[in-house]
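Take a look at this one chain, the form predicted on its own, written out in structure tokens.
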């Protein structure tokens, strides 16, 4: 059965996580099981992407309940792609963790918690039920909280408290939005809601629920002005945890925003558009300026995450099929590039025991491979053609120009200058300048080399195969815009009564 591909993609991290939590299981077996689960997930999700591209949307109803009364699990081009990208970024992050995660964290079950985080992220992409999405969000929140606090250092506890507090607020707003939504529509099935919400009166309550969801997802995505928790918490845990959390968690917020405002709330975009554009502009600018002001390399790239989120929020609320497709490609690009930057600079920091730009230098001479890796990934972040960042930004800017959103496009172009400046800052301070203190060169652990090579290869491949990937993303954007395939796959010929 084709839905077994969806089940396999979800069961792979779940089974690995459960086995890793068994009492008395050794750290070595935790590693092996986690790696096997990640590879298995990559295989299932690859086959899932191929299948949905051939046959369209796949769905099944958990427990056998007919939609819209049961829990729908749905894989379309967008969700299948996001699960695949999740498995791709999980692989090098896990390999990095094999070498960099300290022993006390390993004993504390770092690797199974890592797999449960992957499970929560994947479940969020595949659910077709609003309340079930909330459950997956909570799995993500609990898992990421544990990974952030592992180590028990003062700065970790301080950063994690901020992370937990703001995410509890986000979850509360999400629940309130679900309550309002269920009260006016009597359903939490996304496909069903896509049919009934446009017909519901009064329109004010529909708009209110849309605002609750936008703010809840905006907090998780770290938009202006509620982004302060991200740079306070993302730089504190192990590099392996930072990589997966930094690459994926904010993007789940963007994914849900894209899903809700293309499927259920498309008619709300028009009145929200200019307000959201202002938020997106401030997100781009404040993230870029924040990155430029940092000396801690992990904090710098944490602010960079915020800046890039602004581009994606802008794309969602341009609201055309072309914009949706561009957001999807930019999401893929950003997940891989941000993961690569955290891995590369994390390898340098872990190996030299220094994440401070002022104390850095000499890496280009001492470890030229890492310098080449950073150049490739950094130039992709900046958007130098023909690398992936160029195609992502080109798609977003083109969609904005076609819809005559000139002022927000101008902001996006200006912020690209800030991206160049903080890319050069890291290159000059961390890689190129002569070190203040000459240290004996130590060979890089082979796991570091494997991790860095794997993630940089993925960044190169999405540029080399940009044409088929962009075509896939464009089709995924058209699917979001048209909605019929999604609704028909979930509801079929079931008669809907409100």
Partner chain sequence: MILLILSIGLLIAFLSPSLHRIAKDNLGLLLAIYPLSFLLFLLSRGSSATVETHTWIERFNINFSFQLNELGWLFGVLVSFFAIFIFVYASKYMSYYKGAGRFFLALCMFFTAMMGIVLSENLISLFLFWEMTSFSSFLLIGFFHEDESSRRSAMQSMVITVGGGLFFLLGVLLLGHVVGSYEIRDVIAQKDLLIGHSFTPYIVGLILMGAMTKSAQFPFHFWLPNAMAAPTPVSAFLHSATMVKAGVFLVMRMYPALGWNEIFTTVLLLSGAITMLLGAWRSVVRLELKAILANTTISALGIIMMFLGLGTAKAIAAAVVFLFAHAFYKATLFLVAGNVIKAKKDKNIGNLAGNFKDMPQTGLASWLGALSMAGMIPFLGFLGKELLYGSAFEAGSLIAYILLGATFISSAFFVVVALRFSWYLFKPGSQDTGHELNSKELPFGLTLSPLVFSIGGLTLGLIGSLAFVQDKIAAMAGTILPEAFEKVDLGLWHGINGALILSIITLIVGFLLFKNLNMRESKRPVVGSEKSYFAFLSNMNKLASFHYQQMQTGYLRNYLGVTLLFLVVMIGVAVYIVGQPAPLNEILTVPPEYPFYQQVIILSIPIAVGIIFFTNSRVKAIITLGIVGFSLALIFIYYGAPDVAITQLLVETLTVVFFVIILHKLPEFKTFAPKYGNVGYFVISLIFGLAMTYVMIQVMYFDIPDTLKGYFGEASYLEGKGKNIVNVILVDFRALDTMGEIAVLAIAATGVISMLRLKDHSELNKSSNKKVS
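On a predicted model such as this, the values are computed, not experimentally measured, just so you know. Residue numbers count along the first chain shown, from 1.
One more form of this protein should be noted, the form predicted in complex with the partner chain, which is absent from this view; the next part is about it.
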Exercise. Can we say 80, 199 and 302 each have a non-hydrogen atom within 4.5 Å of the partner chain in the predicted complex?
Worked result: no
Exercise. Taking the shortest heavy atom distance, is residue 433 within 4.5 Å of the partner chain in the predicted complex?
Worked result: yes
For this session: Look up in the predicted complex whether residue 427 has a non-hydrogen atom within 4.5 angstroms of the partner chain, and give yes or no.
Result: yes
Exercise. Counting only non-hydrogen atoms and a 4.5 angstroms cut-off, does residue 214 reach the partner chain in the predicted complex?
Worked result: yes
Exercise. With a 4.5 Å heavy atom cut-off, would you call residue 446 a contact of the partner chain in the predicted complex?
Worked result: no
Problem set entry | Options 336-344, 247-255, 113-121, 87-95; stretch whose heavy atom lies within 4.5 Å of the partner chain in the predicted complex | 113-121
Exercise. Looking at 381, 397, 318, 194, which is the one with a non-hydrogen atom within 4.5 Å of the partner chain in the predicted complex?
Worked result: 397
Seminar exercise, completed: Interface check vs the partner chain in the predicted complex: of 357, 269, 420, 369, the one with a heavy atom inside 4.5 Å is 420
Problem set entry | Neighbours of the partner chain in the predicted complex among 453-486 [non-hydrogen atom within 4.5 angstroms] | 466, 467, 470, 471, 474, 475, 478
